[in-house]
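Read the single chain below, which is given as structure tokens and is the form predicted alone.
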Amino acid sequence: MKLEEVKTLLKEKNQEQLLKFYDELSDEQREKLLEQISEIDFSLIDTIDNEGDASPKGEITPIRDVASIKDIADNHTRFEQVGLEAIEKGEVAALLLAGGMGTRLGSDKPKGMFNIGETKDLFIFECIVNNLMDVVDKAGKWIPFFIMTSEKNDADTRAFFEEHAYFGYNPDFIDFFKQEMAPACDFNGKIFLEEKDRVATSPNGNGGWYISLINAGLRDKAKEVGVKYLNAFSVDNVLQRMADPVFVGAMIDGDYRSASKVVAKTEPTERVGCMCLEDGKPSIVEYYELTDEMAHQKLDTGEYAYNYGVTLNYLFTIEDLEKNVETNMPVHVVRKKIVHVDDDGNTVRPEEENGFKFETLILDMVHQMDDCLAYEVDRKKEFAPIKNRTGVDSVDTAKELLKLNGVEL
């Protein structure tokens, strides 16, 4: 868009502050700013009236479709055979959600670049690739591997993989793509400038991966090579198994439309989202949404009704994702501390929440599915999230679990 077109747009949207420093910018800075403004989804600003709570939670009831560790062990051979057949046909792809930074770990680099080795280098990205290579070796087939970065970590992530020779993975089967960005605004709906020549933006949440895949042209590539199933997972968990043939096979064998790897909660009030039904459809209830009564509710079997915590490892069919792609996913409006420049062009780093960011969540993608198999895994073998530098779900706890599973650090 040309300058006059942008001016007209901003006047219509009451966002003229975005050009406040335009006259001070170089030609290159001006061009990039105009391009960024032209890509803003201004409709997001309309959601702040109700802070994104477009609809309240429906009736929450326990999930019915659960494959317990025992069930999986009893059917392991059949599930694995079914899953390996799908992988060998090229029907399964892995999709890593890796747009985050390692800020909470004390790093200013992509989270996946964090080194958790003790006697040698061992990076989070390396752990992920090693786990995926186990399936490649078993299937004798390279698995399409999509890696979603963000605007802020894309260049570093690509360079890091290249520098480390993709940790042994065939680069012909790796595709990087950037997550879509959403604007950040103050409590009055005015979009911030992060710098004089740059709009304040943030990734559009972990539910934005499929639309980002489409916009990068990679959905079409996946379909062209015959991919039917997409396994989306987070960079956090260094023990997780992706494109796991037994997981894939359990979903296909049971004729499910989606599946989620889950772990049994350590206690009823563990701070983890858990699988449930919402108005009869699969969903995820956050720990803070469970009443004490619900958290301690038991089934006839004696098991806790809301016992299975999600690990952010989901399996979807492209067919169902396609059906739902035109459906407007709920936008969650989140209060955040947003760095910005003030009217004088000075950088402000607020100590308190000063505005809104906009996110879509993968839990809403789950709720769009007709069903979802809760597939239980042993948390000691497949759940080592790294969210903090120390304490719970930290570098320290992940290291101990890696050692327990025979990984050399």
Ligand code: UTP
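Computed from a prediction, not measured in an experiment: that's the story for all the values here. A residue's number is simply how far along the shown sequence it sits, counting from 1. Here the rigid core means the biggest group of C-alpha atoms that line up within 1.5 Å when the two forms are laid on top of each other.
Quick note: we don't show the form predicted together with this ligand, though the next part is all about it.
Contact between G189 and this ligand in the predicted complex is not found at the 4.5 Å heavy atom cutoff. The closest non-hydrogen atom of Q81 lies beyond 4.5 Å of this ligand in the predicted complex. Using a 4.5 angstroms limit between non-hydrogen atoms, P144 is distant from this ligand in the predicted complex. Looking at N206, you'd find a heavy atom of it within 4.5 angstroms of this ligand in the predicted complex. Residue in contact with this ligand in the predicted complex (any heavy atom within 4.5 Å), chosen from A259, M148, V262, V238: M148. Only one of S234, T317, N75, N131 lies close to this ligand in the predicted complex, with a heavy atom inside 4.5 Å, and it is S234. Of the candidate stretches 295 to 303, 189 to 197, 90 to 98, 272 to 280, only 90 to 98 has residues whose heavy atoms lie within 4.5 Å of this ligand in the predicted complex. Within 4.5 Å of this ligand in the predicted complex, a heavy atom is found for every one of G102, L312 and K387. In the predicted complex, this ligand lies within 4.5 angstroms of a heavy atom of only one residue of 109 to 132, namely K111. With the core held fixed between this form and the one not shown, K89 has its Cα displaced by under 2 Å.
Once the rigid core is overlaid between this form and the one not shown, I174 does not reach a Cα shift of 2 Å, moving by less than that.
Superposition on the rigid core between this form and the one not shown places the CA atom of K336 2 Å or more away from its counterpart.
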